[in-house]
Ligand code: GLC
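Quick heads-up: it's one chain on its own, the form predicted on its own, in structure tokens.
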Amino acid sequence: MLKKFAIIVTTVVFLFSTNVFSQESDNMNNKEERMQWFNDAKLGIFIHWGIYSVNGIDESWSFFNDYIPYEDYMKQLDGFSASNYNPKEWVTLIEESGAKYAVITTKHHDGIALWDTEMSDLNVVEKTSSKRDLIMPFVKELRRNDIKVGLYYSILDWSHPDYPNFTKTKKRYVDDSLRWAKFTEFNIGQIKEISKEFNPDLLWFDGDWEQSAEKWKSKEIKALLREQNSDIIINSRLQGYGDYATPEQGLPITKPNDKYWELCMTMNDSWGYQGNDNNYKTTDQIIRIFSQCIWMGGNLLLDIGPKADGTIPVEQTKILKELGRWTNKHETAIFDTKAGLPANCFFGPSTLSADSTVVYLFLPYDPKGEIMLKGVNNKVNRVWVVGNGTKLEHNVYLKPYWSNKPGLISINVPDSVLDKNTTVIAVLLDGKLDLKD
């Protein structure tokens, strides 16, 4: 008992000291500078990979919701081989898609770590036929290609013997401070491991809904992460101690109040690989959703689910390649841009260049020869098609010489310049954007 008490006291003292450091560090580091790369990145790739891909079932939720017994879920450990896992091919595909960062699951709610953790033997090295750390090779390839590294970590662990919740109908305990202290030591130990070993640019937490910030020690976790890397970005799922919002599977209708946000979304209806889920969104649909995100100043984190052998499904590969064709063609209108025009100014999404002198108009439709731009009080210097440079004719209507109201800008868009997915038109202004009613 004395040994347990000593461990708990040591952990609390360490967390208190790192919290003090974090508060000082946050004061020294400007959040806008820390968030700049994330704000410019616009597109990330989410990767859900784990033993659930063996049978193609819901990750962790399959046993938690009592769809199958826990024992049957864990039998998938034997089939998780990663025999065709090629991190270089993964990163090449991610880069081709146009994504600037990637987030991979290091551990889902089932508690199975994809790295060689020293905190538990429930990891792919010791419990699966893959017999190796699957995170480090991927991280190294991302770094080689200048793609920012994001790591997903489930803060809850339904497999851990000292975590109170097991399934939706079964609990290990209700109130046991010693067992909770043991779990907290384990949990923080794993977080320290992935921070120290992989030094991620972004840590994507999940599962915080089951406990309070105080119980999770969210403030202290943020502190220890900032001690390791003062520039690390943390998502919102740390009970209020994150840097940006993470709406899931639901595109905001209007621009969120959060300055920084990211929509995480599946390609079909599943996060991990499920061979019977063929309800894939089309590339057109994904591009339209992506355009909506960046119009409102957010990012899209688009998910893929590799198979148990490490190969990425053909359908997902195809979508990433098609998406890449479009993002590479229109990169100037996507990356390093700002949120676009108010909804009543243009029928469609838009973005602004960093200096607010170029408006980019996204046309996920056939405009039938003409588009209209309202509320822009600037003189228009030039209009062209992004990706091929074709100059377009424009005219200004409803602008009497005696009026100080903005006119109606008409832009001719011939069928010959339309992109097969979404066309983007650039409008160069005579200065910074000046909007008027």
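Residue positions are given as counts along the sequence shown, with the first one as 1. Everything numeric in this text was worked out from a predicted model, so none of it was measured.
Unshown form predicted together with alpha-D-glucopyranose (GLC); subsequent notes refer to it.
**Q** Can any non-hydrogen atom of residue 206 be found within 4.5 angstroms of alpha-D-glucopyranose (GLC) in the model of the complex?
**A** Because a heavy atom of residue 206 falls inside 4.5 Å of alpha-D-glucopyranose (GLC) in the model of the complex, the answer is yes.
**Q** Residue 237 versus alpha-D-glucopyranose (GLC), in the model of the complex: is there a non-hydrogen atom within 4.5 Å?
**A** Contact with alpha-D-glucopyranose (GLC), yes.
**Q** Determine whether any heavy atom of residue 61 comes within 4.5 Å of a heavy atom of alpha-D-glucopyranose (GLC) in the model of the complex, and answer yes or no.
**A** Looking in the model of the complex, residue contacts with alpha-D-glucopyranose (GLC) include residue 61, since a heavy atom lies within 4.5 Å.
**Q** Please check if residue 271 has a heavy atom lying within 4.5 Å of any heavy atom of alpha-D-glucopyranose (GLC) in the model of the complex.
**A** Contact check for residue 271: yes, within 4.5 Å of alpha-D-glucopyranose (GLC) in the model of the complex.
**Q** Which among 43 to 51, 62 to 70, 374 to 382, 399 to 407 is in contact with alpha-D-glucopyranose (GLC) in the model of the complex, heavy atoms within 4.5 angstroms?
**A** Contact-bearing stretch, as computed: 43 to 51.
**Q** With the partner left out here, if you bring back alpha-D-glucopyranose (GLC) in the model of the complex, are 38, 232 and 259 all within 4.5 Å of it by some heavy atom?
**A** Per the other structure, none of 38, 232 and 259 touch alpha-D-glucopyranose (GLC).
**Q** Of 248, 116, 210, 331, which residue is found within 4.5 angstroms of alpha-D-glucopyranose (GLC) in the model of the complex when only non-hydrogen atoms are counted?
**A** Selected residue: 248.
**Q** Of these, 296, 155, 264, 194, which has a heavy atom no more than 4.5 Å from alpha-D-glucopyranose (GLC) in the model of the complex?
**A** Contact with alpha-D-glucopyranose (GLC) in the model of the complex is made by 264 alone.
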